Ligand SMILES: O=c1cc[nH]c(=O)[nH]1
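Starting off, we have a lone chain in the form predicted on its own, written out as structure tokens.
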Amino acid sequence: MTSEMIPETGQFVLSNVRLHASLTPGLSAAFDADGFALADITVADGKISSIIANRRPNTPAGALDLGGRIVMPCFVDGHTHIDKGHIWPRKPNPDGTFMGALNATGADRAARWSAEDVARRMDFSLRCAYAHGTRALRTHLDSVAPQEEISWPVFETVREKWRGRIELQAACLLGIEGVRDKKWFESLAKRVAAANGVLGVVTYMLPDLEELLDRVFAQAIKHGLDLDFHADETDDISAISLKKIAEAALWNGFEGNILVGHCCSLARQPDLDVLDTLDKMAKAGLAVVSLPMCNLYLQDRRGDNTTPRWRGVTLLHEMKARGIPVAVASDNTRDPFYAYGDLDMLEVYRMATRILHFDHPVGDWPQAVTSTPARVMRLDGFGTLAAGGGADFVVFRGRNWTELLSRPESDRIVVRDGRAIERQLPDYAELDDLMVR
């Protein structure tokens, strides 16, 4: 089957598709040990009009027989940095370390991040994500003065341009020490609220961390904002800002959504400390997103010709067992924090399955790239397939998990509003004039 076989208008039926139980909650079927069942999907006027189990299996007259290929809802990428994307050719990480990334990015931002530069790289990134099957994406925006006055207006323009193709959200990004400037931080919170954004900071183990967290929560409550933290992106066992965030959420009585990214150091801490943190996270209603590819790249890079000895990811299985919503996401792409990547959430899920053991059993882990981030981002109807919902899904060649996750699936078919899109990835040469050092 090719994309040309899907009609551009009217009604059609995809027969003998393989759907996963965790992504099609309304489907009544006998699911196999991997969570799959064969079904027929009827699409009409850009919507899914029905999903019916195919128990024979057979192919209704006039239907397109997919022969058991997997169909998944379009992806939701809950943690990215498209304002940084694709600067690697002009400002690579000199040594692959976190500090190397931080310094290289800061220098490039100060020297090169004009409105045109940011807008073009954002658009390039979004064309990649769209072609790979992403329907919604949250990006962090470096908001250290004066960059916030450049990047937020650019984001709002880009969001409007992409409306209907990718639902875009943005969270401000700055080190929590920036919160010490009360007047400036409140003006930033107002700017974020005006853009319908999310309030975000990077937390470190500072002496006044608790006081600064209280200021962050106070501004979020005042302006009705959700929160998105970068926390403990380090192997330092003493880094416990994740626990501090949970405690601050509890004592501030915060009722909004809180997403915390990275949380790497938790995996290296003593069991009793881990259990205490997990209990507080669950009570506070935190959600967590792990960034397996970026953290694998940066964490435990020793720089002395030794092999890294841990994976850099957090304790998603233990969190999920406590009812904490967990997701994985793309994070950085072709910038000093991660030299690779293409905002392809299938690649993220494939790598996460191998790094984090999202298998034996697979269970409902596919929700980590679809419905779970959608709920955290307050996107109703995203990340699942259901009758009455939008016909936004991806058709793969793979018929089971080992087939799906063994190849890049570069010939996947992405259907949006009931139509197969043209999946043309942008050429890196488009950005050559921005890459002159």
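Owing to the predicted nature of the structure, the values given are computational and were not obtained by experimental measurement. In this text, residue numbers run from 1 along the sequence as written.
Note that the form predicted in complex with the ligand isn't included here; everything after this is about it.
- Placed here by superposing the C-alphas around the site, the ligand (as posed in the predicted bound form) stays clear of every backbone and C-beta atom by more than 2.4 Å: open pocket.
- Contact with the ligand in the predicted bound form holds for none of 72, 344 and 401, as no heavy atom of theirs lies within 4.5 Å.
- Contact between residue 331 and the ligand in the predicted bound form is found at the 4.5 Å heavy atom cutoff.
- Contact check for residue 230: a heavy atom falls within 4.5 Å of the ligand in the predicted bound form.
- In the predicted bound form, the ligand stays beyond 4.5 Å of every heavy atom belonging to residue 243.
- At a distance threshold of 4.5 angstroms between non-hydrogen atoms, residue 98 is in contact with the ligand in the predicted bound form.
- Screening 120-128, 272-280, 81-89, 187-195 for residues having heavy atoms within 4.5 Å of the ligand in the predicted bound form returns a single hit, 81-89.
- Note on contacts: among 137, 266, 173, 316, the single residue with a heavy atom within 4.5 Å of the ligand in the predicted bound form is 173.
- Checked against the ligand in the predicted bound form, the candidates 213, 258, 294, 326 yield a single residue with a heavy atom inside 4.5 Å, and that residue is 294.
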